[in-house]
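The same protein chain appears twice below, in two forms, each given on its own as structure tokens and labelled structure 1 and structure 2.
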Structure 1
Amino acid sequence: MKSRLVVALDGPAGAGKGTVCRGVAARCGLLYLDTGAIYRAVALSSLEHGVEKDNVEALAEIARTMPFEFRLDGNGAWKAWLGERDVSQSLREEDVGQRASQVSALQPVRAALLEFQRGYGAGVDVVLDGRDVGTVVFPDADLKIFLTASLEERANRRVRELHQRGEPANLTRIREDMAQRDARDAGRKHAPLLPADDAIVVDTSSMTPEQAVDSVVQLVEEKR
């Protein structure tokens, strides 16, 4: 029996991981897991409950027990739920992203979220995006991709995304926040943001979203 196909796609914030994974999942018939959303859910929950960013025990407890799940909505899109609330929008807030980067540096939090990621969609072909999917979560993934882009381009994309949503955006501030988050994610002791030795690096700086999806679809097809 052929085992399931696991595609691990890691990279920094704003490289286009979500867009690429959604496109690849739809075209190749894979289930998509946005692992960053799980760290963001821990962050959101901790902010809402007034848990300090260095209270390791309380943060790990949230990671172990939070009622987090993905559910399909009526339009066939996956939404993130915490208990009886659709938190998909709240998870994207800037302060939640910063807090997620902080809590994700804590080993007990990472350990608590590992099984959820490994067990997700058991038996089904999957694509997962994050920071350590190819290095820690699925070191034996069939295909590992490290998706990246220049800091300038990633910050510009974020500004465009916020403008499209009608939200204010300050490029300098966003660029600084991203650089800070990159440095924290890459410099942490546990599961730092790093391409796996056998990862294929795809730089999307000068690619359109469609070109980025096409290039990864091609890599997936070569593996099948």
Structure 2
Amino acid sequence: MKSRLVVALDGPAGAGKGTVCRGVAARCGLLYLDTGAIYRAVALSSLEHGVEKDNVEALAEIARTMPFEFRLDGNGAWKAWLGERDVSQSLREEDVGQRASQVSALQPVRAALLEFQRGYGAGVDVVLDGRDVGTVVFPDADLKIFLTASLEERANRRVRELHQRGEPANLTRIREDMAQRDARDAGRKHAPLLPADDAIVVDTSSMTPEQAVDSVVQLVEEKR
């Protein structure tokens, strides 16, 4: 008898992974994990505890033991918690992002976070939002989805997001940056950003966020 349902949802930036995963988790009663956030959580904890960026052993220990999770609040929003603190905003700080980029390159940290992801939820049904969940983290996931959208649509979504925040955005530059990142991610030696052989590809180019959530909810329910 299966202990839990594991949904692996991967895809490039701008495909709508976060929106879809959070919506699906809330509607289907799944735990939710943004796998990119765990690197920021290690970074935040290391900065708060004065751990240097080259102290690999201490950083890996943080990755192994940090009490990090996402919780659904009373307003239906997923919040990141480190212990008993809501760190959703702290994870977005510039210095945290810079440190996260540094620690993500350390193999002992990546190995510890791989185990963190695999153990997340301790037997409870879960959906993980990432880039290599279906190929590396959970190659035996019950449901693998590769969420994608055209480059043009993903760039437009990013522009709209920035404008909503009141930030400037150059569509041409954003499109070029995304194309370059796509090429790097798909071509990298370790854990390239590619659909797992048995993943269901969902193209959200012409979908509203609600339609994208609906399509994935249907796939999840078919697995139950």
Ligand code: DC
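All residue numbers here refer to structure 1's sequence, counted from 1. Just so it is clear, the model here is predicted, and its values are computed rather than measured. Take the two forms, find the largest set of C-alpha atoms that superpose within 1.5 Å, and that set is the rigid core.
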Compare the two displayed forms of this chain and pick out the form predicted together with the ligand. 1
Hinge residue among 35, 204, 199, 97, where one rigid part swings against the other between the two structures: 35
By what angle, rounded to whole degrees, does the smaller rigid part rotate against the larger between the two structures? 35
In Å, the rigid core superposition gives a C-alpha shift for residue 113 between the two structures of 2.4
Core-aligned, what's the Cα displacement of residue 49 between the two structures in Å? 12.9
